[in-house]
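This document starts with one chain, in the form predicted on its own, laid out as structure tokens.
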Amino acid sequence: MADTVAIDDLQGGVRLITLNRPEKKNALTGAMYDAMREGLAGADASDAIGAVVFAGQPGMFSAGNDLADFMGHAGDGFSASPALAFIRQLARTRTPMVAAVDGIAVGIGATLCLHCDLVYASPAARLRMPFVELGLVPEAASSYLLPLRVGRLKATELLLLSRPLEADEAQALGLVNAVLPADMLVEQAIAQATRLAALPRGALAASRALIRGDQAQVEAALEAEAKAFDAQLRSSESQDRLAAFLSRSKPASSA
């Protein structure tokens, strides 16, 4: 399973976390969530790591949860899931994070970007958050962070109607810093992460905290979502929607 998430420490103090499950469009399993969580926690604990980059495979950032894997552990509830443990770590990570988004970014593949300090996308990037259509609710504090970023009406459209967001519109809305050719994407993300890692750590941490705002509100939103997600996951409407999705789509991914 380690092969499905590659973690490489590069020159310049950058940790590169690469999703490497192309046969499933980088759909995330519990073990992959654990690997990413450990990668972030390890970056915070290391004096040598000054920034983290998230990347996927060419044409695919992440299809979100591997629903077959996720539903296999649904009896334990969302509160005990590796997905929520990763989301909590993501929100609390002090090390600056950069995302390089090429192709599909579904569910957590999209909401992860709300926690990144810089986001770069290829023209093929396509963000989508299909929580409600699966009988679930938003996660990763997206119900709080997305309205702050794009306004309540646009966030409602994206979260309730699950409308796909193309790269150029994501940039116009302030969700993406720049749209770059796919073959330059990861290189640019690493270059900017290297610049972040070279900055004075104390000033960087203090400035980042000021820019990001009230951490307590982010975590409160995250926990409120987790409680609602857990309740919906146990509901008949969600169970029916998820079962229907799995029955018609063997490459189980989304949410």
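In this text, residue numbers run from 1 along the sequence as written. Not measured: the values here are computed from a predicted model.
Absent from the display: the form predicted in complex with a small molecule. The rest refers to it.
Contact with the small molecule in the model of the complex, defined as a heavy atom within 4.5 Å, is made by all three of 23, 106 and 245.
Although the partner is absent here, residue 135 sits far enough away that none of its heavy atoms falls within 4.5 Å of the small molecule in the model of the complex. In the model of the complex, the small molecule sits within 4.5 Å of a heavy atom belonging to residue 130. Taking the partner from elsewhere, residue 63 is found to have a heavy atom lying within 4.5 Å of the small molecule in the model of the complex. Contact check for residue 32: no non-hydrogen atom falls within 4.5 Å of the small molecule in the model of the complex.
Screening 140 to 148, 178 to 186, 106 to 114, 80 to 88 for residues having heavy atoms within 4.5 Å of the small molecule in the model of the complex returns a single hit, 106 to 114. Among the residues 55, 40, 27, 193, the one placing a heavy atom within 4.5 Å of the small molecule in the model of the complex is 27. In terms of contact with the small molecule in the model of the complex, the residue from 51, 67, 222, 36 that brings a heavy atom within 4.5 Å is 67.
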